[in-house]
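Take a look at this single chain in structure tokens; it is the form predicted alone.
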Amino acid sequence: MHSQGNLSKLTIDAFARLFGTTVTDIDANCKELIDTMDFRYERLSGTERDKVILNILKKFDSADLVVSGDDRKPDWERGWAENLHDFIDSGYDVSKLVPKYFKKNVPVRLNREYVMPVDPDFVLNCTRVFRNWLFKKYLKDSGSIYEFGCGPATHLVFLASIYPDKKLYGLDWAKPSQEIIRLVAKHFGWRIEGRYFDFFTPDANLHLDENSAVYTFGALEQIGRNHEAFLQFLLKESPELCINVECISELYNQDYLPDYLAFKYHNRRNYLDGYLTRLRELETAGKIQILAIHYQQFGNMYDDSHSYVIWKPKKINSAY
């Protein structure tokens, strides 16, 4: 039970700070979305905080803790197949496309603290608000938008609702993902297309449209240190903009206990490693321009999953 007197709330100002922006940068529609949801939470302290930390430490030693990598493809096939079946059985209810890794009624990380939300869908709703702000700010001028590692296409469905005139592509290595997108396009008439794509061995025959933007949203975590092939693909295709919303381990400050625990968990799971460091190397070499880097202090109990880096390849002028 929550003690009403001890509850805090994510306000518009708090969301702006969380996203690394200003209140004036959050549009009216996004503010209305915030007003429709319950963003109250209780900061955990004492014994309750200790329980969370103990849970995390025990997780490190768990024999069944799954490690990311290319051998996990069958797991994602099964996971997205479950979303596919739920979507069909519900009569094409797009809420059934939300990945099941959004856990309910569990503590979450917020501003280097552990908190217990009032609303079971706190993490999902925070993600919806963030997505609304991010996509409207950065993708409004793109003609085509590609999501790599799109899973059950929940972000693409949102994009289709706000940008019906843009061409959308969902790329994933799991076949159920492509079937979901086929059904979504057919049922709702959206300009969305699903394609096969493997981060570990990018398709050299895949070419991006002119004036295109690329984004990942919690997908690169699964490739560990094996991000060079994907980066070289992006450099070759040279989209106008690249957005990566990911757990970015370089941004944790390990002098804080919650950050240290998140970093350890990140490594234990073999999540995305060295990506931001590599982007900085590419910028130093004059191959890309980094437009924004932000450590978003928010995520599930174990790590902060919504940090972002926004960058673009530098165009090569053939005249020189």
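Note that residue numbering follows the sequence shown and begins at 1. As the structure is a computational prediction, the values presented were derived from the model and not from experiment.
There is another form of the same protein, the form predicted in complex with a small molecule; it is not shown, and what comes next is about it.
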Any non-hydrogen atom of Q222 within 4.5 angstroms of the small molecule in the predicted complex: yes
P152: touches the small molecule in the predicted complex, heavy atom cutoff 4.5 angstroms: yes
Interface membership of D198, the small molecule in the predicted complex, 4.5 Å heavy atom rule: yes
Partner proximity in the predicted complex: W80 to the small molecule, non-hydrogen atom cutoff 4.5 Å: yes
Selected contact from F217, Y114, F87, F122, since only one has a non-hydrogen atom within 4.5 angstroms of the small molecule in the predicted complex: F217
Of L110, L134, A213, A174, the one that lies within 4.5 Å of the small molecule in the predicted complex (heavy atoms): A174
Interface segment, criterion being heavy atoms within 4.5 Å of the small molecule in the predicted complex, picked from 138 to 146, 184 to 192, 97 to 105, 162 to 170: 97 to 105
